Structures are given as C-alpha cells and as structure tokens.
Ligand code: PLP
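Here you get one chain, nothing else, as structure tokens; it is the form predicted on its own.
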C-alpha cells in the first residue's frame, strides 16, 4: 500500500475533497485504492465515506485486552492548553502513545501494516527504532535497526526489546540507507519511513483526531507548529488543516542539530506537498524551551518538542495554535549528559 502519492499527488485530490466536504462518494477504483489505507479497511466503489469515521473512539473505562488495543484505544492523546501569548495555544502530547512513548507509534503501526514478511530492516536514530522493535514483538516480526552514531542512546531500549542493531559511522539516518541492501537481498523487508506514503496517510488520521478534540471546544486552529524529520506528520497536519480551515503550518528545523528533526535540504518527501513557513531553531534554544516549559508546566518535553515550543515563544501567534510535542525528555537523559549546552 506504499507510494500512494507517487503520481503527482493523485490521492491528494480524494483526500482534499473528503477533508473539505466531510464526506466523499467513491467514484472509481483509484479512489478506493487511495482511501482504503486511510480508513484501514476495504473501501468499495460507490460507497460514501465520512470524515467522522476517522475520529477516535476512546474507551471510557480505559481497559484494554491487548497492547495493540492499548495503542488504538488510547487515542486521542491529550491536548493540553498552554496559552502564554495573545492567542490560545494547545500542546498535543504524543508521548502518551505506549510503545515508543512518541508520535512514531502511529507511523510505525501503519508502516508495518503495509508490508509482508517476518523480517524487518530499517534505519533510525531514535523513536522509530523503539516503535519498530516493540510493535515487531507484538506482531511477531524480527527487527534489525541501523543506527547513526548520534542515536546510540536508544541501544539499551532495543536490547531489552530483543531487536538486532548496528551502529554506523554516519551522522544522519538517510546516510545509512545503503547499508540495508544486503539484508533486503537476504529476504528482509524495508518499511521505508522516508518514502512510504503511509507515513503521511497515518497522520491525516492524527489531524482528524486533533480536529475532533478542538471541535469539542468550538475551536479550529489558525497555526500548527511541528518539527520536521521525515516530514510525514508535519506535512499531513499542514495538508489537512490547510484544506479544512486555511491553517498555516510552521515547520521547525534544526539550525545545527536536534535529535529527531533535520533540515529540509537533507531531503524529505512530504513537505513538498504543503506550504509551510520554515523556522530555524538551535539546540541551545530547544533545550532552553525544554527548561522553560518544565518551569511553567512541570512537564519534561523532549528536545524536538522544546524546539517547537521555542519557535512558538519567538512569535506572537494570534488565534488558536496547536504545537505537536513528539515525545518526552526521559529517553534522552544519557544524551543530555554528553551535551555542554
């Protein structure tokens, strides 16, 4: 089901109509092919699908029969009001996802559903590695991860999860892709977080979830602020809310280096599908944002979330702003000990 958007964004037209109108009559096989992975079921030609089907259905008693049900039934993750400017601001707390304690649980869940085979190989510097190892255990798949040197802090977690790993002398995950070729020749499957369009599609559902939460307050976002790594979640949120409400996407990239996000010029697929204001934040600013948020709200957000928060504090956003906080600080404590900032 990957590469849905390969033909000049064919599926985007169907997604756009669904988001704009709230429903869509499935007119042909191409539309059905595009919509089926979004709805996680077989969508038939002639059927009418509704945006409301993408909204979460939380368990009121918070009792779950298994860990996959914990992931899906645990949605929505919290939306926390953090207003500190002229407008209202809400933080989407994605560390409430159970496997990697990050937004990447959503991505990896969709990626693993899109591939067959019981051997998985991927490159990752952090949360995708942990999510793949954890969900691989649940789904009965053997996982091998190639890790850039900066991502070695996740190794103890991968060891406990029983995943195979190898640290490479490269600085970015995309530089490690060539190392997968031998594993693929030997039968491993590469879900490809950098090119599989389900990375983008997964977060259209995240956007619908945020929409559902804000609608309960009678709100709609004027701004979305999110970090960009693969660019899947930021671009999907920017696309969804841009179509639905004309919301502006503020995409945060590192001025130097920040775990979990990277610069646009390093190559990312989905950011090209949306209009975005690109904002540079340094590691020092990101960690200052972490400290500032902890002092004001008592929560330890991760470095990329600190970058998002720092970008928010730099500007006087009016209206309603949603900040995406991908994870918390806890898995980064070994890394923080090495930093001088």
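Numbering follows the first chain given and starts at 1. Keep in mind that this is a model prediction, so the values were computed, not measured.
The following text describes the form predicted in complex with pyridoxal-5'-phosphate, which does not appear among the structures shown.
A.B. asks: Looking at 89-97, 221-229, 181-189, 114-122, which stretch has residues with any non-hydrogen atom within 4.5 Å of pyridoxal-5'-phosphate in the model of the complex?
C.D. replies: Selected stretch: 221-229.
A.B. asks: So in the model of the complex, does any heavy atom of residue 254 sit within 4.5 Å of pyridoxal-5'-phosphate?
C.D. replies: Although pyridoxal-5'-phosphate is absent here, residue 254 would stay clear of it in the model of the complex, with no heavy atoms inside 4.5 Å.
A.B. asks: Examine residue 136 and determine whether its closest non-hydrogen atom to pyridoxal-5'-phosphate in the model of the complex is within 4.5 angstroms.
C.D. replies: Taking the distances in the model of the complex, the answer for residue 136 is no, it never comes within 4.5 Å of pyridoxal-5'-phosphate.
A.B. asks: Any of the heavy atoms of residue 158 lying within 4.5 Å of pyridoxal-5'-phosphate in the model of the complex?
C.D. replies: No, no contact at 4.5 Å.
A.B. asks: Using 4.5 Å between non-hydrogen atoms, is residue 15 touching pyridoxal-5'-phosphate in the model of the complex?
C.D. replies: No.
A.B. asks: pyridoxal-5'-phosphate in the model of the complex: within 4.5 Å of a heavy atom of each of 127, 259 and 332?
C.D. replies: Yes, all three are in contact.
A.B. asks: Under the 4.5 Å heavy atom criterion, name the residues of 267-306 that approach pyridoxal-5'-phosphate in the model of the complex, in sequence order.
C.D. replies: Counting only heavy atoms within 4.5 Å of pyridoxal-5'-phosphate in the model of the complex, the single contacting residue of 267-306 is 304.
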